[in-house]
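Next up: just one chain, as structure tokens, the form predicted on its own.
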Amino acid sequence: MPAPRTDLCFHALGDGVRRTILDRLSAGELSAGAIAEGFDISWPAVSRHLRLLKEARLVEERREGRQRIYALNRGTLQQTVGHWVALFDARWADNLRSLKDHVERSQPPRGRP
């Protein structure tokens, strides 16, 4: 069963607006106002998206005067999403090795008609 933190991360990643926010933050830190620019949604909606990303620990927030500055938390992405993808990669590699072994055992020996 997936850990609650993993579930929260994937829930956060399940929304296109939140993925766009993460994509924007991949280029560097941004203020909340800069993040909200370009979205055709209300400021409270953007704020809710940022709060969920913060709860999932996908972004970090710091205050600079009256502004809130957000940064991508690459560690959480690697620990949750990266780890989950690595598990699938390992399973696929094992499955491909098993298939290769099966095919090789099914082949008649070479050199014999």
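Quick note: we count residues from 1 along the sequence shown, nothing fancier. As the structure is a computational prediction, the values presented were derived from the model and not from experiment.
Not on display, but discussed next: the form predicted in complex with the DNA.
Participant: Quick one: 60, 74 and 81 and the DNA in the predicted bound form, is every residue within 4.5 Å by at least one heavy atom?
Facilitator: Looking in the predicted bound form, the three residues 60, 74 and 81 all stay beyond 4.5 Å of the DNA (heavy atoms).
Participant: Residue 24: heavy atom within 4.5 Å of the DNA in the predicted bound form?
Facilitator: Residue 24: no, not in contact with the DNA in the predicted bound form.
Participant: Does the 4.5 Å heavy atom contact test between residue 19 and the DNA in the predicted bound form come out positive?
Facilitator: Heavy-atom contact with the DNA at 4.5 Å: absent for residue 19.
Participant: Could you confirm whether residue 65 comes within 4.5 Å of the DNA in the predicted bound form, counting heavy atoms only?
Facilitator: Flag for residue 65 set to yes.
Participant: Applying a 4.5 Å heavy atom distance criterion, does residue 28 contact the DNA in the predicted bound form?
Facilitator: Residue 28: no contact with the DNA in the predicted bound form.
Participant: Enumerate the residues of 30 to 46 that have a non-hydrogen atom within 4.5 Å of the DNA in the predicted bound form, in sequence order, or give none.
Facilitator: The stretch 30 to 46, when checked against the DNA in the predicted bound form, contributes 31, 32, 33, 40, 41, 42, 43, 44, 45 at the 4.5 Å heavy-atom cut-off.
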